[in-house]
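Here we start with a single chain on its own, the form predicted on its own, put down as structure tokens.
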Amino acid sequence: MIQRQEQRGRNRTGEEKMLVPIRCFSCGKPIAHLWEELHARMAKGEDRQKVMDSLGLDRYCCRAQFLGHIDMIEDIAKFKKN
């Protein structure tokens, strides 16, 4: 049981996972597939602005989905369904 709780919130590679919206809330552009590459490149130390430009995140509304996100999956996972 404890092992399952430790694995909650992680993907196959052991990295933290984020609940990324599939599409931008404002313009509707698909953005979920860009999260892993964006996160990996930023972890390597690349500039956030240049990474987003190279991935095609030109609109401010799409950028805001990644920049303004607060990962709360660990907090939400503490609550049980009735």
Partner chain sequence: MTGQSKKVERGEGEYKMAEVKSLKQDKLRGIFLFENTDHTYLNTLRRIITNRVPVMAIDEVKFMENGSAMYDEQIALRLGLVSLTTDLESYFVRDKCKCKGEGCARCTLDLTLNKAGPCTVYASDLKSKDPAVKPMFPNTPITKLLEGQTLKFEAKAILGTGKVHAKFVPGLMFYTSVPKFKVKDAKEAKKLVEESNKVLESDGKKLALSDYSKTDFALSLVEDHPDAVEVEMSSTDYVVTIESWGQLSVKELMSRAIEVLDEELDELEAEIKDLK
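We call the rigid core the largest set of C-alpha positions that still match within 1.5 Å between the two forms. Positions refer to the first chain, counted from 1. Quick caveat: nothing in here was measured; it's all calculated off a predicted structure.
As for the form predicted in complex with the partner chain, it is not shown, yet the points below apply to it.
Engineer: Indicate whether the partner chain has at least one heavy atom within 4.5 Å of a heavy atom of M42 in the predicted complex.
Structural biologist: Contact check for M42: no, nothing within 4.5 Å of the partner chain in the predicted complex.
Engineer: Taking heavy atoms only, is H33 within 4.5 angstroms of the partner chain in the predicted complex?
Structural biologist: It does: once the partner chain is placed as it appears in the predicted complex, H33 has a heavy atom within 4.5 Å of it.
Engineer: Looking in the predicted complex, any heavy atom of A64 within 4.5 Å of the partner chain?
Structural biologist: Contact check for A64: no, nothing within 4.5 Å of the partner chain in the predicted complex.
Engineer: Please state whether every one of the three residues I22, I73 and A77 places a non-hydrogen atom within 4.5 angstroms of the partner chain in the predicted complex.
Structural biologist: Looking in the predicted complex, the three residues I22, I73 and A77 all sit within 4.5 Å of the partner chain (heavy atoms).
Engineer: With a threshold of 2 Å on the C-alpha, tell me if L67 counts as moved between the shown form and the other one once the core is superposed.
Structural biologist: Shift at L67: below 2 Å after core fit.
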